[in-house]
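Take a look at this single chain in structure tokens; it is the form predicted on its own.
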């Protein structure tokens, strides 16, 4: 497969996964902002800015962190390259460039999403409602993944689409867990803390999974263990790395040996990891190291497969 084609497929899926992840983070910030119990509600609203590293860009445009401004900044702001609007626009451009490598159902799912998004932007979030919009983004992302998994043959095109998804997902899970842990701290046991951990689990679609895996109350130790080390949880770090270790060796050719090695090492650390060891190191320090390693992996995949010579 040509590097240019692989790159378009990889970034198409990364941008769509990113759009969904942003919607999940905004959903948490929006719902927590509606509950007048916390003296640190502004920290919750600012969390998506910290998670995505876009606080400075936001402050350049807005004077204060305010929930409606944060929603617009991440949802429909054309000047923010990390907004849902820009992510879906870029994904559509990527898909158009490789129209012949994806199925008609994949293309239609992306193109229809883009058309509907332009109409939503024309009328604004108020007309649709923030919660309805964020649910719509998640549903459109699910539709893309369903069309991909259900219609495309299992070739390198399929693999690069999936590789992009899991690189982006691993990065997001680590970032959101790190920022939420820093905001909340490890020792909270109040009703406020319960709602915050509840919101975190829902942001990664893991609330029901937590209830199935753990029978006691929500604790930061169990949340961290589940989102880092549990292979059964689709958005856990271990699950993402397990999928990457299946996908990368299946790519045709001898390229990317360094990427495959980095993925295998990172997966082994998670596969044989222990939550007590994670907290002995420090959760923030552990997640910072993971983010460094997964970004090194992404850079290695980029240089091995995706750079056009």
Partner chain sequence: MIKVTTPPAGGFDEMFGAPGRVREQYAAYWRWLEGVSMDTIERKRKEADLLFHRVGITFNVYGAEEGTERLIPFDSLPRIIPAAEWQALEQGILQRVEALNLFLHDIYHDQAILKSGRIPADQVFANAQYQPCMQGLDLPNDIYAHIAGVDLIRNNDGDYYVLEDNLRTPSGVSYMIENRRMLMRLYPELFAKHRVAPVDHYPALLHEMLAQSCHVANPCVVVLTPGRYNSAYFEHAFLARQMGVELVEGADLFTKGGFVYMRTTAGPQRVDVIYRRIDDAYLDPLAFEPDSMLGVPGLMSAYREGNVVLANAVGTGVADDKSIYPYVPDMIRFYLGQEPVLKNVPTWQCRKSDDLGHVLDRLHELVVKEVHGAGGYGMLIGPASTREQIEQFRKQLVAHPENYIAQPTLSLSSCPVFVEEGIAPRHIDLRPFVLSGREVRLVPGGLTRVAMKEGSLVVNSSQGGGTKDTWVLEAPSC
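Positions refer to the first chain, counted from 1. The shown structure was predicted, so the numbers you read here are calculated from the model rather than taken from an experiment.
There is also a form predicted in complex with its partner chain; it is not shown, and the following applies to it.
**Student:** Looking at 121, 202, 138, 99, which is the one with a non-hydrogen atom within 4.5 Å of its partner chain in the model of the complex?
**Tutor:** Contact residue from the list: 99.
**Student:** Using heavy atoms only and a 4.5 Å cut-off, determine which of 182, 198, 219, 111 is in contact with its partner chain in the model of the complex.
**Tutor:** In short, 111.
**Student:** Closest heavy atom of residue 56 to its partner chain in the model of the complex, within 4.5 Å or not?
**Tutor:** Contact check for residue 56: no, nothing within 4.5 Å of its partner chain in the model of the complex.
**Student:** If we define contact as a non-hydrogen atom of the residue within 4.5 angstroms of the partner, is residue 214 a contact of its partner chain in the model of the complex?
**Tutor:** Flag for residue 214 set to no.
**Student:** Does its partner chain come within 4.5 Å of any heavy atom of residue 3 in the model of the complex?
**Tutor:** Residue-level check for residue 3: yes, a contact with its partner chain.
**Student:** In the model of the complex, does residue 107 have a heavy atom within 4.5 Å of its partner chain?
**Tutor:** Yes - in the model of the complex, heavy atoms of residue 107 and its partner chain come within 4.5 Å of each other.
**Student:** Could you tell me which of 124 to 132, 155 to 163, 206 to 214, 68 to 76 sits within 4.5 Å of its partner chain in the model of the complex, going by non-hydrogen atoms?
**Tutor:** Contact criterion met by 155 to 163 only.
**Student:** Each of 34, 52 and 286 within 4.5 Å of its partner chain in the model of the complex, by any heavy atom, yes or no?
**Tutor:** Judged in the model of the complex, none of 34, 52 and 286 sits within 4.5 Å of its partner chain.
**Student:** Can you tell me which residues in 289 to 307 come within 4.5 angstroms of its partner chain in the model of the complex, by heavy atoms?
**Tutor:** If the 4.5 Å heavy-atom criterion is applied to its partner chain in the model of the complex, 289 to 307 yields only 305.
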